[in-house]
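Single chain ahead, by itself, as structure tokens, in the form predicted on its own.
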Amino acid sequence: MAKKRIGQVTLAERDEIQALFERRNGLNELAKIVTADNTELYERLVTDLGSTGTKFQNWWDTMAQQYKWESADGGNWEINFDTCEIFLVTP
């Protein structure tokens, strides 16, 4: 695994992706305990997970275009929430 610093985002941009990151993780944890028996809650969870996942991916796509981040086949971007730095992680 190689990790290369390729950019930085603003505090506001960091806060936006951090909120989505935490929400997605929370929903994934909730998904482990919610059963399909509770149809209403299950459907809301599935919808929210899909919506949050889309917003999460859109943030990365938008920032990558805006800042012209380097990318690589099989690689992914990662953020350091403390420093707002963006890294390209490659296998």
Partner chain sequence: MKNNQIKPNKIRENASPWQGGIAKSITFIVTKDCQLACKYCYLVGKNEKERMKWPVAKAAIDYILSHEEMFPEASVTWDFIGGEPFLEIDLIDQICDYLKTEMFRLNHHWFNSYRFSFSTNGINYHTDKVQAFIKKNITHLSIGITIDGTRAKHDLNRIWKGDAQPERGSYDDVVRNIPLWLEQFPNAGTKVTISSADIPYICESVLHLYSLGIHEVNINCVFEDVWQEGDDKRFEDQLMQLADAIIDGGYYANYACSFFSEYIGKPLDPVNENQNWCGAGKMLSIDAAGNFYPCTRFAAYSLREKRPIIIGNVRDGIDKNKLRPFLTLDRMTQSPDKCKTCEVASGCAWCQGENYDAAATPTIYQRATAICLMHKARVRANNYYWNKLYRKLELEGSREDFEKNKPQVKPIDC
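Numbering follows the first chain given and starts at 1. Note that the structure is predicted; figures quoted are calculated from it, not measured.
This protein has a second form, the form predicted together with the partner chain, left out of what is shown; the following refers to that one.
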**Message:** Taking any heavy atom pair closer than or equal to 4.5 Å as contact, tell me whether residue 18 reaches the partner chain in the predicted complex.
**Reply:** yes
**Request:** Please check if residue 4 has a heavy atom lying within 4.5 Å of any heavy atom of the partner chain in the predicted complex.
**Result:** no
**Message:** Given that the partner chain is not shown alongside this chain, does residue 77 nevertheless sit within 4.5 Å of it in the predicted complex, heavy atom to heavy atom?
**Reply:** yes
**Message:** Is residue 72 part of the interface with the partner chain in the predicted complex - any heavy atom within 4.5 Å?
**Reply:** yes
